[in-house]
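Read the single chain below, which is given as structure tokens and is the form predicted alone.
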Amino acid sequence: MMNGLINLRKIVACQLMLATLMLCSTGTLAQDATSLFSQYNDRIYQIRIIEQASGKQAALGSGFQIDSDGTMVTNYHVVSEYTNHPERYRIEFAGFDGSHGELALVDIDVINDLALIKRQDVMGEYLQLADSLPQQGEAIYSLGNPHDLGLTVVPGTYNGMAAYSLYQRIHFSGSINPGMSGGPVLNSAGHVIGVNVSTAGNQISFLVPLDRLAALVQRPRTGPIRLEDIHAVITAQLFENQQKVIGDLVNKEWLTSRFKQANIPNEIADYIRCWGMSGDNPDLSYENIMSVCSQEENIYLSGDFTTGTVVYQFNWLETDKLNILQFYNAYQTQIANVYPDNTAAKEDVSNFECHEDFHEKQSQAGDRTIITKGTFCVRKYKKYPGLYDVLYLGATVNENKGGLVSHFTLAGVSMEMAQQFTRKFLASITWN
């Protein structure tokens, strides 16, 4: 009878915790979090980017020590101000015990948003990497310094790899807040299974998984990265990534779907999602049907510069209310609203240079010829030579009261890969 009462109290306590934390499956969770906090707080740090001129912090994140020589892990985006402008910033750490000091940049992985940094004075205590990922549904614990409020432990659930994830992010049911980027996520044994990286809010967050971290930690290196080599290292990583991603896309068969009078590419990879939208706006007097396909992730280079984007979009416009001139004006407005789908500042990229051409394609029945005006635009990366953002816009021009507008953005690709993708894209559009 007493055992039954004890079990009932545990169940009630767990239900209360579930209501407040939305995480819990056993009555020992709070104690686990407390133990992790007290046992490992001396191995987790706030990472500060300090502006040299003012001596004030310009950015904050988290990091953790992973060997006895003082090597730490954080996110690349935490230290990106320094990598982009090392003459203006320096990297510092602040410990739970009030210790602080300067850090050197050891290595970076921009594709997986990771960086290794190293403190000058060696401290022996460090976190160990786990041997494997948890089981789906297992409790895990995110640690970091949210909003400059001090070290915090956020319990949550391991949900496996996020769906539609090109770079394999762990789906974590817990709240990662600003300032926790780069902090560790531990299993119940206190071993690292991932690194905080981003959040979608509402208890949906994402982690860089164990294998990506282990690959960076185990990568052979002779010493800290030289400041003059940072851009070359990033360029090489972007080249390797786009060769793999775009190369895989152009070498596989693309699924297509019917889109009014045309057949267009559908979801051409398992990490790309397509969304549809249509509407007949009486004020505009024409119908606009839309299909937009994109990946969920991009690569962070700076606060104003992202890359790695693959987006393609189709609009079918038609009318039975406007005359040819009126429809042409509406059609031109739709074309003029096309823009690249990644962000970049003037210091990052050149102006777009464009080339226009016309190409013809026969309908599958062979009863008509469709003429498309294609505009191929590129802007080059100033810091990463040989890489470009590519914007393609195609618009049919010989359909009097209907037409197809096709558009894609590729960010951070070589000219060779851009041309291969363009040929594949144009060939995949057929006409009924």
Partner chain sequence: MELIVEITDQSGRSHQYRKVAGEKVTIGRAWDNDLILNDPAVNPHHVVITQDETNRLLITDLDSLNGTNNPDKQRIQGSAPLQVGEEYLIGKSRICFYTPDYPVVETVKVADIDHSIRLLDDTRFLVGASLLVTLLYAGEQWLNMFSGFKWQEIANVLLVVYAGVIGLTLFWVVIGRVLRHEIQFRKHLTLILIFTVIQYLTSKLFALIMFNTLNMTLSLAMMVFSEFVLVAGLLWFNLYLATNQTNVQRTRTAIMIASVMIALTLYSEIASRAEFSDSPDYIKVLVPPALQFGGGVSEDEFLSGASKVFTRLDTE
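Every value quoted in this text rests on a predicted model; they were computed, and no experiment measured them. Positions refer to the first chain, counted from 1.
Just so it is clear, the following notes concern the form predicted in complex with the partner chain, a form of the same protein that is not shown.
Peer 1: Which residue among Gly95, Pro340, Pro146, Pro86 has a heavy atom within 4.5 angstroms of the partner chain in the predicted complex?
Peer 2: The residue from Gly95, Pro340, Pro146, Pro86 that makes the contact is Pro340.
Peer 1: To verify the annotation, which of these, Met72, Val349, Leu114, Ile193, has a non-hydrogen atom within 4.5 Å of the partner chain in the predicted complex?
Peer 2: Result of the distance check: Val349.
Peer 1: Heavy atoms within 4.5 Å of the partner chain in the predicted complex: which stretch in 160 to 168, 328 to 336, 210 to 218, 96 to 104 meets that?
Peer 2: Partner-contacting stretch among the options: 328 to 336.
Peer 1: Taking the partner chain as it sits in the predicted complex, is Phe37 in contact with it (heavy atom to heavy atom, 4.5 Å or less)?
Peer 2: So Phe37 does not count as contacting the partner chain.
Peer 1: In the predicted complex, does Asn398 come within 4.5 Å of the partner chain, counting heavy atoms only?
Peer 2: Result yes; Asn398 sits at the interface with the partner chain in the predicted complex.
Peer 1: With a cut-off of 4.5 Å between heavy atoms, is Ser188 one of the residues that contacts the partner chain in the predicted complex?
Peer 2: No, Ser188 is distant from the partner.
Peer 1: Since only the chain is shown here, I'm wondering whether Leu322 would be in contact with the partner chain in the predicted complex (any heavy atom pair within 4.5 Å).
Peer 2: Because a heavy atom of Leu322 falls inside 4.5 Å of the partner chain in the predicted complex, the answer is yes.
Peer 1: Note that the partner chain is not shown here; using its position in the predicted complex, name the residues of 352 to 385 with a heavy atom within 4.5 Å of it, in sequence order.
Peer 2: Residues within 4.5 Å: Phe352, Glu353, Cys354, His355, Glu356, Asp357, Phe358, His359, Glu360, Lys361, Ile371, Lys373, Gly374, Thr375, Phe376, Cys377, Val378, Arg379, Lys380.
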